[in-house]
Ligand code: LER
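Shown next as structure tokens: one chain only, the form predicted on its own.
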């Protein structure tokens, strides 16, 4: 059974970003549970900003789980990337993500690599990919101790020039022999880069599909744009996907309305 999650960002610098809830974790968890979500996806400022015991208590009291923990603040706040040419800066980036992995693992969840993958300069692609491969291999191995994969998210061309298409990223990770790293498929990014969103999910395949950001073409809640979700739902069913459909979208027209729209669209697609 595909489970539902909703995003909660605790990063002030991402206040205008595509997260449903912002700033207040306890209240957001309570709202998510009341609306019927199975979990929350949390984006902290850093690993040390999350008190694992407090988060466990909050989700336990609400009867939900933590779906994933994002590392985006490493880039947004600290400007760290996993392909930095400076060895010391790259080590700080890897250590930042390791901290996120440790917190996520303690919460029974995977960590996400998105914006921290960075952007390479002209004529630097192969070198950048080598650095990324080393970083992901180390981080995937670190995540294994928690029996959780590391989630790698291809972004659209306006946010990165590393990997924009899902199947290419999955093939590269497999071809490099990078263990314990799966693909996070974000439907917003896919709408920009893929000619066939459902086909791209199938190209990633059941073994490599680790997480889905459930969002519409305009980065609003599902069914508030022009994406055809029926083929997407069919592809996920055919892949026997049992992970999360997580609402990472703008809080439009307000957070509660966006969350409600997301859960209602999910129910219409997957509960019948």
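Positions refer to the first chain, counted from 1. Note that the structure is predicted; figures quoted are calculated from it, not measured.
The same protein has a further form, the form predicted together with the ligand, not shown here; the description that follows concerns it.
Using the partner position in the model of the complex, report whether residue 219 sits within 4.5 Å of the ligand, counting heavy atoms only.
Although the ligand is absent here, residue 219 would touch it in the model of the complex, with heavy atoms inside 4.5 Å.
Looking at the partner-bound form in the model of the complex, is residue 90 within 4.5 Å of the ligand by any heavy atom?
Close contact is absent here: in the model of the complex, residue 90 is far from the ligand, nothing within 4.5 Å, heavy atoms only.
Give a yes or no for residue 189: in the model of the complex, does one of its heavy atoms lie within 4.5 Å of a heavy atom belonging to the ligand?
Flag for residue 189 set to yes.
Taking heavy atoms only, is residue 114 within 4.5 angstroms of the ligand in the model of the complex?
So residue 114 counts as contacting the ligand.
For the chain shown here without its partner, which stretch in 197-205, 168-176, 80-88, 150-158 has non-hydrogen atoms within 4.5 angstroms of the ligand in the model of the complex?
Stretch with heavy atoms near the partner: 150-158.
Just give me the residues of 26-54, first to last, that have a heavy atom within 4.5 Å of the ligand in the model of the complex.
Contacts from 26-54: just 43.
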